[in-house]
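So this first bit is one chain, no partners, the form predicted on its own, shown in structure tokens.
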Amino acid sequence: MSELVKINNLTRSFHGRKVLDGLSLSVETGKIVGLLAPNGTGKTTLFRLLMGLLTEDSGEIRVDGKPIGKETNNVISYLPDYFVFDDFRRIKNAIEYMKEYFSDFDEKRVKELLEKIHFDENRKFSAMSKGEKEQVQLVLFLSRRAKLYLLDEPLAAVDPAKREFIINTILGSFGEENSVIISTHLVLDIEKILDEVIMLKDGKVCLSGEADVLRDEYGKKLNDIFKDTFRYEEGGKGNE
């Protein structure tokens, strides 16, 4: 295994408040990592920094050994926490867009996944619920053959009955040569697939380690460790 993500002493502020405050972490290839924290504590900010959509105040970020830029964007598939295909009429239009802009997009794979959730590529986005749109968006971004998948709250809008499919789709996109980082506060639904955990608090890593080691050390499920760690949090402070 090799180090795919390396972050050292990363700081980012908004309106004078440090959302990330000297954050340091690393992620190896071949791992499914849970980035766990309540809403509004820097998870989305970190993903946007990894994508170059924001710039850091200070610190260093490396993906696949390179500074953030075009080369790193080519190996990252970023699923944001909002729907990005509102300008497209049908699923097939979004597929054409993905084919045009991402050389690693696997059209055969996305069609197989759409068939599993019983979605025809001619279906209009305007006729879908929010949860249905999120499912389609997920399979589109997981149909890239990326080195790093960044999934920002992939289960938030999905019906509980569909979450098992989503989790299996994530597992199906994962291999020894890539990694998945899942940002979420819905720990119970994904903890069974996590290899490692990174919990954020006050802009820093407050707890991290291998999932099985943490379970043994605390004698609890990850979800219970998460609830204990953030017992006194008041909730989200917006999309940060």
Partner chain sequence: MSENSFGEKMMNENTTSENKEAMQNKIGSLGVKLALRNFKKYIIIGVIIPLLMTIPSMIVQGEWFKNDKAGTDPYVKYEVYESVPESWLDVCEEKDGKYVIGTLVDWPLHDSMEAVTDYGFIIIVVCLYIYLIRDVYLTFWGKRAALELAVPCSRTVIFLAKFIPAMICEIWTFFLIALSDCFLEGGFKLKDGAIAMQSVRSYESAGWGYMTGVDFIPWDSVCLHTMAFLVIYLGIVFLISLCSNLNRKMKDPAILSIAGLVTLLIAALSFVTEVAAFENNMLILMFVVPVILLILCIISIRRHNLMKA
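For clarity, every value in this text was computed on a predicted model and none was experimentally measured. Positions refer to the first chain, counted from 1.
Below, we turn to the form predicted in complex with the partner chain, even though it does not appear here.
When contacts are defined as a non-hydrogen atom within 4.5 Å, all of Met51, Val84 and Met98 contact the partner chain in the predicted bound form. At the 4.5 Å threshold, heavy atoms of Phe141 reach the partner chain in the predicted bound form.
Proximity of Ser103 to the partner chain in the predicted bound form falls within the 4.5 Å heavy atom cutoff. A residue is said to contact a partner when one of its heavy atoms sits within 4.5 Å of a partner heavy atom; Ser13 meets this definition for the partner chain in the predicted bound form. In the predicted bound form, the partner chain stays beyond 4.5 Å of every heavy atom belonging to Ser183.
The stretch among 172-180, 192-200, 39-47, 22-30 whose residues place heavy atoms within 4.5 Å of the partner chain in the predicted bound form is 39-47. Proximity to the partner chain in the predicted bound form, defined as a heavy atom within 4.5 Å, singles out one entry of Glu107, Glu164, Glu71, Asp120, which is Glu71. Put simply, of Asp64, Glu60, Asp57, Glu210 only one has a heavy atom within 4.5 Å of the partner chain in the predicted bound form, and it is Asp57.
Taking a 4.5 Å heavy atom cutoff to the partner chain in the predicted bound form, none of the residues in 153-179 make contact.
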